[in-house]
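The chain that follows stands alone, in the form predicted alone, written as structure tokens.
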């Protein structure tokens, strides 16, 4: 971790720029303003078939401002941080605001809700890796996959990514804060062939701290194993059956849930969970929380994209929906208070049971294990769900053979209520943290 004094030396000049922009907005007549500044840099290296395919160095910066003239709002952005550009950007935002119609719900957040405490969440772990070393890691990762089995016949490559950035947020209410963060990843994708059957699959590892990444060989071997097990996939007859969503795809179900309880969908009346607050959505064993202050986690933050303080929250308690996901604007539209979710949820967690993956397979007994989802067949208004899927047919708790070219369908309201178990095989590689999810019944369309 970097020295705190050194970090402040990096952040303070950016704070000065944001403050300069806010002062300029006031000077040009804005009654309120907010601004965000980001500076990011990173390295991305891809190796394929033992050779370097791409080396990319990233270095980006951006400055955005939103101004208010009463209830009229205008926004503009720039990548040029010079004084002249700041004046021009503010002027552009002000020009827009003067001609937009009034919106009684727009404006800065409630000053009383702004974050005032900023504990270190351990989000900044720079990876000072040279391109040559990154290339070596990528090649080691890919070689582990390619050499794993003779049926691994080709590769889409292995990629090493490292990213470091600083974000500063300020507004005319006196809020002005910033913090650095890092995100690193290692991924590999390979192809396998057996007779006429050809399949591809992949695996990846992602972390704030490079020491928390899986070893390159482990990522490569996992990618190879996942690819090989898909060979000779079959189709299934059309039927209804129990479905187990593997942890790596289960997060999409919770993503649909969050979309349905988000303010934008609610005030537009385009959600299948409209007016569902304090009603049972899931079975009584289900607990879903938001934990934005977990150290080193991928979704952690002390404040949301408006500067409102984040806090641990219960969204679902004993299966009952207890809270929506709201920004200041959507909260005002609904006559409620922001939940500190401008920019989305942070470390959404569904409490797991004691069942590991094998235990979940035994609970499934006979049915479909889904390991890949395709398409975007989710209707947020009705809850109707229909997506292409691939995975494995399971009998007596044992994966018998791979399956493909099938469609699974249901309605999310029914699917949530028919949740039977949550595995403890939690996937921590994203902002939604869940184990595998077992559903009692879905429609499966195949042959």
Partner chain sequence: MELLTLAKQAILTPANLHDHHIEQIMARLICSAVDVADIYFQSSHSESWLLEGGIIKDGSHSIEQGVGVRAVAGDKTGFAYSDRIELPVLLAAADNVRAIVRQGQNTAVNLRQNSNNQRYYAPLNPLQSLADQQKVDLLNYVDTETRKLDSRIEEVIVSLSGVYEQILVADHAGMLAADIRPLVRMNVSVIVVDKGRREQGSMGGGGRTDYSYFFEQDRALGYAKEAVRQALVNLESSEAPAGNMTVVLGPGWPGILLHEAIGHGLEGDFNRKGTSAFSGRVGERVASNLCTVVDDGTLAGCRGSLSIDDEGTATENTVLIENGILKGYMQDKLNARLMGVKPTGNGRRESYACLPMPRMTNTYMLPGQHDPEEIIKSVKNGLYAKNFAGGQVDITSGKFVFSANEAYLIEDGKITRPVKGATLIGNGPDVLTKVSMVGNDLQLDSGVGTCGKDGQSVPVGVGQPSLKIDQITVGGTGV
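Computed from a predicted structure; not experimentally measured. Residue numbers count along the first chain shown, from 1.
From this point on, the text means the form predicted in complex with the partner chain, which you will not see here.
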(message) So if I measure heavy atom distances to the partner chain in the predicted complex, which of the stretches 209 to 217, 97 to 105, 348 to 356, 290 to 298 falls within 4.5 Å?
(response) 97 to 105
(request) Using a 4.5 Å heavy atom cut-off, state whether residue 384 contacts the partner chain in the predicted complex. (result) yes
(request) Mark residue 412 yes when one of its heavy atoms lies within 4.5 Å of a heavy atom of the partner chain in the predicted complex, and no otherwise. (result) no
(request) Please run the contact check for residue 58 against the partner chain in the predicted complex: heavy atoms, 4.5 angstroms, yes or no? (result) yes
(request) May I ask you to state whether residue 128 is within 4.5 Å of the partner chain in the predicted complex, using heavy atom distances? (result) no
(request) Consider the chain as shown here, without its partner, and state which of 235, 194, 87, 229 has a heavy atom within 4.5 Å of the partner chain in the predicted complex. (result) 235
(message) Please identify the residue among 31, 379, 418, 28 with any heavy atom within 4.5 Å of the partner chain in the predicted complex.
(response) 379
(message) For the stretch 120 to 149, I need every residue with any heavy atom inside 4.5 Å of the partner chain in the predicted complex, listed N to C.
(response) 132
